[in-house]
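Presented below, as structure tokens, is a lone chain in the form predicted alone.
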């Protein structure tokens, strides 16, 4: 799936909800937002999220059990992404760092480990909340 045109109706609704939110949402929050659009069961949302995750259009933030739309789809090398999560305002910034990716790839190679995906989460306070 490389474009929104190839998404199912439910996938497009879920992705649209995440893109509009501009912040992480739980699956149940997404479901609540999309009830009027015909999504009634958590399984409908989870199936859509699974496919969106698989296609790289959405990321799961493990530490807060929430999902965000990818800010730059298909630019991640080897399924890696990094996020800075503000614990005060909830802002999430997605970024990538070639040095970190290279180090993780090197470690994996040295230890005979084959990662399927890498997600780095940094939790703390953003510049706006710190008053910088």
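Residue numbers count along the first chain shown, from 1. This structure is a prediction, so every number in the text was calculated from the model and none was measured.
Missing here is the form predicted in complex with a further copy of the same chain; even so, the following discussion is about that form.
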Query raised in the report: If you check in the model of the complex, do 104, 113 and 118 all have a non-hydrogen atom within 4.5 Å of a further copy of the same chain?
Result: yes
Query raised in the report: Are any of the heavy atoms in residue 50 no more than 4.5 Å from a heavy atom of a further copy of the same chain in the model of the complex?
Result: no
Query - Any non-hydrogen atom of residue 122 within 4.5 angstroms of a further copy of the same chain in the model of the complex - result: yes
Query raised in the report: Given that the partner is absent here, does residue 86 sit within 4.5 Å of a further copy of the same chain in the model of the complex, heavy atoms only?
Result: yes
Query raised in the report: Do residue 32 and a further copy of the same chain share at least one heavy atom pair within 4.5 Å in the model of the complex?
Result: no
Query raised in the report: Which residues from 84-100 come close to a further copy of the same chain in the model of the complex, meaning a heavy atom within 4.5 Å?
Result: 84, 85, 86, 87, 93, 95, 97, 99, 100
